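Listed next as structure tokens is one chain, alone, in the form predicted on its own.
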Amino acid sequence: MKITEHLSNTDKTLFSFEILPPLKGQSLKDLLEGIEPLMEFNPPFVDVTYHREEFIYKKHPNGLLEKISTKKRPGTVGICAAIMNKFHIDAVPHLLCGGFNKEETENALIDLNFIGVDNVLALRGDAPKTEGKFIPEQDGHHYACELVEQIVGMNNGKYLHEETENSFHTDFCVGVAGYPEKHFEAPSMKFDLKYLKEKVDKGAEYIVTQMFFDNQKYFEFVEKVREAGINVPIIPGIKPITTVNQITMLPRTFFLDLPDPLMDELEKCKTNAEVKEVGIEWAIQQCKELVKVKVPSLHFYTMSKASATYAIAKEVF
């Protein structure tokens, strides 16, 4: 079922979450068992992230460097199939511009359609750690709006090569990302909203936001999005802080602010357990306020660790 259908079939706030594919060599069985407790809250869909290949440089005795491709988190398509089979809910794979050309993207979409996936989240993706800025693959997409256009094109029977059977239409519901505190590369919020509207105009049907810790940021974002003429559902993304390291890592990595009242409490914490307790309580209050205004779904960034999300959901749903 499409995400938009899930959202329109109820007037209640839904529960959903995102997981990471396990690191290379780790078990799919452990991943599925780890998220099984969250099924108590009846998630209609689960997002599965996709990770582009990365590169390491091996130095040889002659002094030359060899660039070696490595993929730390394989298995997005397989995980989607396993989730749908085990839990009988929809899986939403992330599709990236970064690391893929148009033909690889088309092949991935054909595979996803084959296993019964109805939804995809279209993202540009970040630059590799070894590169200072995002560089598309040869014959790849520069922007998420181009990726959306390719997906919608396949929904309309448009493929890259003439020999492909044009009567075959996919039927993906396409989601995209939104940034309540602005994408870090955008020079202004107005500029960022212009490109968000372009993604929707090209066929995106819902928006999932980057994590935020101040609900007012989300409310202001929704207001500006509506003023820009964007009328698709906007799902808020929630991430409880659970470790001391995340206090500095999350703002630095995702270019977001932590509210002063939250920081006042976190500064008192000496251990990860204390931070996790504060993070869970803050997220509970965030979620309760968001449910009161009837947001479409609360979408949790779990990092494939269910305990904090479970504790929050237990108090909210």
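Note that the structure is a prediction, hence the values are computed from the model and not measured. So that there is no doubt, residue numbering starts at 1 and follows the sequence shown.
The protein also exists as the form predicted together with a small molecule; that form is not presented, and the subsequent description refers to it.
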| property | result |
| --- | --- |
| All of E18, R124 and Y195 with a heavy atom within 4.5 Å of the small molecule in the model of the complex | yes |
| Interface residue in the model of the complex among I247, A186, I89, A108, criterion: non-hydrogen atom within 4.5 angstroms of the small molecule | A186 |
| In the model of the complex, the residue from T242, Q150, T209, N119 that sits within 4.5 Å of the small molecule by heavy atoms | T209 |
| Partner-facing stretch of 218-226, 81-89, 136-144, 151-159, counted where any non-hydrogen atom is within 4.5 angstroms of the small molecule in the model of the complex | 136-144 |
| The small molecule contact in the model of the complex: Y179, any heavy atom under 4.5 Å | yes |
| The small molecule contact at K102 in the model of the complex, heavy atom, 4.5 Å | no |
| Contact flag, V174 vs the small molecule in the model of the complex, heavy atom cut 4.5 Å | no |
| Proximity of F168 to the small molecule in the model of the complex, heavy atoms at 4.5 Å | no |
